[in-house]
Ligand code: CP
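Taking the form predicted on its own, here's one chain by itself in structure tokens.
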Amino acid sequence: MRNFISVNDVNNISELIQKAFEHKKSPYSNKSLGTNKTLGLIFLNPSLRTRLSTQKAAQNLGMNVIVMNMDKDGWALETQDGIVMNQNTVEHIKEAAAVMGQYCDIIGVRSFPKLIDKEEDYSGDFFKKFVKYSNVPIVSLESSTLHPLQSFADVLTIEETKTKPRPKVVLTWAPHIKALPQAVPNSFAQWMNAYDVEFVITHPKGYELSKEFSGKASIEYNQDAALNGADYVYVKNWSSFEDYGKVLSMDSHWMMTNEKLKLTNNAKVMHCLPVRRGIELADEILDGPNSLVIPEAANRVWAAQAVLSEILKNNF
């Protein structure tokens, strides 16, 4: 593995899962692996779990970590080629990424979509340019379309808690007060399709994800029907892909509650966090025995550590 942008960068998911659990069992056993290596964490958008977990993972491997919040500390980046920079951008990504590559051995980048231009957001151009110009391995800390470190942690959480070889996993849309990206649901769908589960996506009509990511998942517009017999319920809001970036519904009946859980096989409930209590998920679930949101967040460390260790082993 050189870069970690999506599940497609993983040669063998089962092996990577086992390596993550080995790190969880013995966090400091590979502490010399990252000695004298530097991880740069570049954030163009806010972060809590991604920043802290990836920084902790790197430290467990003996790496130095540099964190930069570009929205507060850096220059406004230009990404278009051949443009005359006579507006509000100050530095081109060609120079910025190249310079970062001089200071860092691995770079993690987080950049949300604008939710205005579907073609621009889904082109992956921003990350492709970081890969090209930095000339060092790149780890996605969330892109316009995917959040692979989150999804890998989700897989770890299911793997260590499942009670049957092939559980039923339901990704359900939830209401929210504003338009959110499709990155987390896209990524979760992509990883579930590569993992051995029965996978169903449920949402109101108009919230279909790109088939590039939803793949072979069953699509169900009736949430109650989708939840029937579910072993895991992954709750997440996203804006429309087809009517790009738009909020088409705020139907409060899609919020997960204990009453809805009665339809499931006593399902465990997951969410990437942060979560809007009383809108996406009821307090009774978040504070109840079926919630996996904290163990899921804790697994972010081991997901990141497994990825970073593989990059270190294969590139240095």
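Heads up: residue numbers just count along the shown sequence, starting at 1. All of these numbers come straight from a predicted model, not from anything done at the bench.
Same protein, other form: the form predicted in complex with the named molecule, not shown, and the subject of what follows.
Note on the interface: of 70 to 78, 147 to 155, 168 to 176, 187 to 195, the segment with non-hydrogen atoms within 4.5 angstroms of the named molecule in the predicted complex is 147 to 155. The closest non-hydrogen atom of residue 278 lies beyond 4.5 Å of the named molecule in the predicted complex. The named molecule is not drawn, but in the predicted complex it has a heavy atom within 4.5 Å of residue 49. Within 4.5 Å of any heavy atom of the named molecule in the predicted complex lies no heavy atom of residue 250. Of the heavy atoms in residue 110, some are within 4.5 Å of the named molecule in the predicted complex. Put simply, of 41, 267, 63, 272 only one has a heavy atom within 4.5 Å of the named molecule in the predicted complex, and it is 272.
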